[in-house]
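So this first bit is one chain, no partners, the form predicted alone, shown in structure tokens.
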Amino acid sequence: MNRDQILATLRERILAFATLRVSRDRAEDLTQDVLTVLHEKYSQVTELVELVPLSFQVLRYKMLDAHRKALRRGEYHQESVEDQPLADASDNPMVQLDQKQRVDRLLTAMTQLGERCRELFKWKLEGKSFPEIQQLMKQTSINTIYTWDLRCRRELLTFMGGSWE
């Protein structure tokens, strides 16, 4: 038997074994993976009596790896999206009131901050990075910006009553 005939026979055996344990599509993928490993790493093994146990050992490792990966990803415990209830698009009135009160407290606290802190927060909300803010505030050290940011956040928290909630 030449190498192509041996691999064709081996492929059939591997596929039959894998199909008994996993779906047909997955078995095809595993078979292809095993044949790739045999070709790349064990090309010196040419005898069928050596290839069969080697290929099944590689297949077992591949199947174990696929099982561990599926467990890690939570694929065995997935629920169908169709079974989940639809979320209510409108917020609970209590949640809306709580959010409105928090925003009002935040706006009131922001007006009590100094100009530098208001500018710093404005630029952060615009998505500017600390080095960009450093340039805008014409500071030589970025650590100054970090310190101002920390102090401004502490001051804002104090004006909000010591809690973000």
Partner chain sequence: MADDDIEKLLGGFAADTLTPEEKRRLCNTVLHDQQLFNLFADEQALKELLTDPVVREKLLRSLRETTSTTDGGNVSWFGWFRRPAGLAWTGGLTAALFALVLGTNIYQESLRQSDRLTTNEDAPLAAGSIPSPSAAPPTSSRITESEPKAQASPQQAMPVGKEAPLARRAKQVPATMANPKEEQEAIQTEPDKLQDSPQSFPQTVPQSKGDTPDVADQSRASAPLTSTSAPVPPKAPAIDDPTTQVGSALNARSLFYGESQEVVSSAMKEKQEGRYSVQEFDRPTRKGEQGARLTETRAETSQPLGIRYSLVMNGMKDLHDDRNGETSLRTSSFDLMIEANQDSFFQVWGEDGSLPLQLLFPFSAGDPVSSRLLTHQRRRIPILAGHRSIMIRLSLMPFETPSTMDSDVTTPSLRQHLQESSASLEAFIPQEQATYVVSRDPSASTLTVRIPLH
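Positions refer to the first chain, counted from 1. Quick caveat: nothing in here was measured; it's all calculated off a predicted structure.
What follows is about the form predicted in complex with its partner chain, which we do not show.
Next on the checklist: in the predicted complex, does T111 come within 4.5 Å of its partner chain, counting heavy atoms only?
Outcome noted: T111: contacts its partner chain in the predicted complex.
Item to check | Non-hydrogen atom contact E40 with its partner chain in the predicted complex at 4.5 angstroms | outcome: Answer no; every heavy atom of E40 is more than 4.5 Å from its partner chain in the predicted complex.
Next on the checklist: Can you work out whether T46 and its partner chain are in contact in the predicted complex, taking contact to mean some heavy atom pair no more than 4.5 Å apart?
Outcome noted: Output for T46 is no: heavy atoms all beyond 4.5 Å of its partner chain.
Item to check | 4.5 Å heavy atom contact, L97 and its partner chain in the predicted complex | outcome: Answer no; every heavy atom of L97 is more than 4.5 Å from its partner chain in the predicted complex.
Checklist entry - What residues in 116-133 sit within 4.5 Å of its partner chain in the predicted complex, counting heavy atoms only? => result Heavy-atom contacts within 4.5 Å come from R118, E119, F121, K122, K124, L125, E126, G127, K128, S129, F130, P131.
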